[in-house]
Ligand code: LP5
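There is one chain below, alone, in structure tokens, taken in the form predicted on its own.
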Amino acid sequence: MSDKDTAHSLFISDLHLCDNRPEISRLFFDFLQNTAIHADALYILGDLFEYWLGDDTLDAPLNRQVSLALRELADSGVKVYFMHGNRDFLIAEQFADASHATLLADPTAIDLFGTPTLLMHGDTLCTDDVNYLAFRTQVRDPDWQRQFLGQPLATRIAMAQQARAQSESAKQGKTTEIMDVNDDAVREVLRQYRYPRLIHGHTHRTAQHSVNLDGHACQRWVLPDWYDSGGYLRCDATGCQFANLTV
């Protein structure tokens, strides 16, 4: 049986698409046209873009190209789902409508070919990074978002660049452990959702982890980023496996 005939879903995150990394954009479009086209569903678990300054930027060349490519995929019969990340949390209904994609809450529980599976971006699991979580709370506030989106685009760009510079500077003083998930946070969410398989991104630490919890054997799959190359997780009724993409 060919891959095209086998029911399966694909999961990606942390592509960070932007104008100054055109090779990654090309890799993404090739992935949609030659790999995702054979899937039943594509789940994008955040940080598709390096940043998203509002749906009024949808007509920017790269943004428009991405939305049209996703729309073409969805119109071919592949269900497209999008979950916000920490870079593109301002994506809203206009982008979703243009892409024919369904927006997902974070977290979202699904039945994945008979296996209960919890989808997250992953940043809320990094509970040791208290400064980031405070920033996340601020920018997810509807009032903050309305004020931000009410600024001229040039002002939003300057604010995003400043926030990015501050984030990079702050990382220099953080240990790798602080920027990774907290094991207690993982166990808490697994208990809350009755011991599912967990799939998330954000940490850029591709791996499959086994979590033995309360007599349950749970899997935690961490999606790859797309900085130097690309990759995805493929899941079907028999389980999940990583696949790599090269530029």
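This one's a predicted model, so the numbers in the text were calculated from it and none came from an experiment. Residue indices: 1-based, along the sequence shown.
Just so it is clear, the following notes concern the form predicted together with the named molecule, a form of the same protein that is not shown.
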item: Contact assignment for the named molecule in the model of the complex, among 137, 166, 147, 115, heavy atom within 4.5 Å; value: 166
item: The named molecule: the contacting residue among 193, 51, 221, 29 in the model of the complex [heavy atom, 4.5 Å]; value: 51
item: Heavy atom contact within 4.5 Å of the named molecule in the model of the complex, the stretch among 106-114, 72-80, 127-135, 93-101; value: 127-135
item: Contact label in the model of the complex: residue 153 to the named molecule, heavy atom within 4.5 Å; value: no
item: Residue 58: touches the named molecule in the model of the complex, heavy atom cutoff 4.5 angstroms; value: no
item: 4.5 angstroms heavy atom contact with the named molecule in the model of the complex for residue 179; value: yes
item: Residue contact check: residue 84 to the named molecule in the model of the complex, 4.5 Å heavy atom; value: no
item: Full three-residue contact with the named molecule in the model of the complex, heavy atom 4.5 Å, for 159, 170 and 202; value: yes
